[in-house]
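Single chain ahead, by itself, as structure tokens, in the form predicted on its own.
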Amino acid sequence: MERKIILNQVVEYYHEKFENKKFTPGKDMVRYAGRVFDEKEMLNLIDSSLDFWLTEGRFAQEFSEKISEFLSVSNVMLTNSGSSSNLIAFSALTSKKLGDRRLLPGDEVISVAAGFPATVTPIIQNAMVPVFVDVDLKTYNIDIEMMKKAISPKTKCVFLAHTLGNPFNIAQVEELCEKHNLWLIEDNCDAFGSKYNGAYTGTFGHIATISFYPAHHITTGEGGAVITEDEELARIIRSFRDWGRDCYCNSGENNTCGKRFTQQFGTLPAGYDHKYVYSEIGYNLKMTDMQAAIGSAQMDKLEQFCSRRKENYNRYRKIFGKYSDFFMLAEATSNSDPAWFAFIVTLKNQAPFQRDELIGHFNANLIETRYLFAGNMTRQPFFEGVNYRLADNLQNTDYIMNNTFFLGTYPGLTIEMLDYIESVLDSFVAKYLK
């Protein structure tokens, strides 16, 4: 059967299976996130599967180039998840190739506890000490004044996420990193498409990471990327991603350097095959070409998706803004333009109801909500016995743990869904209005 016939049938299948789904209030779930796609993603996926090229191939190259062009960065390394991206981004800084700048066990790394564990677990897995700084209740990002006081002679790195797509104060964080000669890793997993001072987040740190999980700005199902402008770091990151090998040939290539059998490494025999020389303690964390095929089609929609997220966020502000006595609403960081991952809400002290009462009402009416991930990470079960340091107190982090939740802004939300959310909120709050 010709490929063209198969692909034409895929288009027909998409229109029959996925198109024109109608929303019925009170019957259909309003998700906080989900994949948004059309026949183009399915065509790419089937096209890739017909090649039966199961590792990185032509679509991986295409996807990488689109990300590189969008962000104007030189090096994009695709991975199997955003969490893997965080792991190898941080682990790369432990490479002996970095000399005196390499991170060592016992070094301190500035981060926050009000976030997702994958930003912090690589610090712990590499036997270093996370130093937790509180966040402010306007942007939900790191408290800069407390961060200044947190830096010690042992501090070597800053590893921060842009909370729910809202950039942290990059200018001040960069200034501190330059002053104290610290590495900066941007966890850009929730902020792909956000801007700060007119430039995209993910382009400021020494290294940045992206996630393509279905909840994020674009999706490949599972998947992620690590990006950097530094060529040496790019080589090291590729090594950690590709089993720790020293060779940099792409999949299916051999002897790119022209010295495959003529070099000396460690105490290996002279001329040992460079394809089997390992300079790092690495992993296999690559993306498949079928995932990249989906991602390539999704990249063509990224700007549109980001616009929809902003529109949905602004609609939520009108919905919740009616009840300013009860709710604190997030503020975009100064000089930023967030492509919001979600709409975050915190109950004020004087609110006559508890967060979980409202969440229970939403869930009973089939509206999904989420907490701000781990709340206070130091209170999570996995943190028992972990060596960490508090910069000061985590007062706001604890308040968030008890009083904050978020709703989705993803492009699959329709006007009808947002109208329904507003009516469900109104019915709940009406009981408490005087």
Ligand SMILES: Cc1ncc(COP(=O)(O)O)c(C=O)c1O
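The first residue of the shown sequence is 1; numbering continues from there. This is a predicted model, so every value here is computed, not measured.
The same protein also has a form predicted in complex with the named molecule, omitted here; what follows describes it.
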In the model of the complex, the residue from Ser194, Ser111, Ser296, Ser211 with a non-hydrogen atom within 4.5 Å of the named molecule is Ser211
The one residue among Ile142, Met287, Ala161, Ile237 placing a heavy atom within 4.5 Å of the named molecule in the model of the complex is Ala161
| said: I'd like to know if Thr333 sits close to the named molecule in the model of the complex, meaning any non-hydrogen atom pair within 4.5 angstroms. | reply: no
- Query: If you check in the model of the complex, is Asp134 within 4.5 Å of the named molecule, heavy atoms only?
  - Reply: no
Going by a heavy atom distance of 4.5 Å, is Thr228 a contact of the named molecule in the model of the complex? no
Query - Any non-hydrogen atom of His216 within 4.5 angstroms of the named molecule in the model of the complex - result: yes
Assert contact_stretch over 148 to 156, 181 to 189, 93 to 101, 323 to 331 against the named molecule in the model of the complex, heavy atom within 4.5 Å, equals 181 to 189
Within 370 to 408, the residues having any heavy atom within 4.5 Å of the named molecule in the model of the complex are Phe373
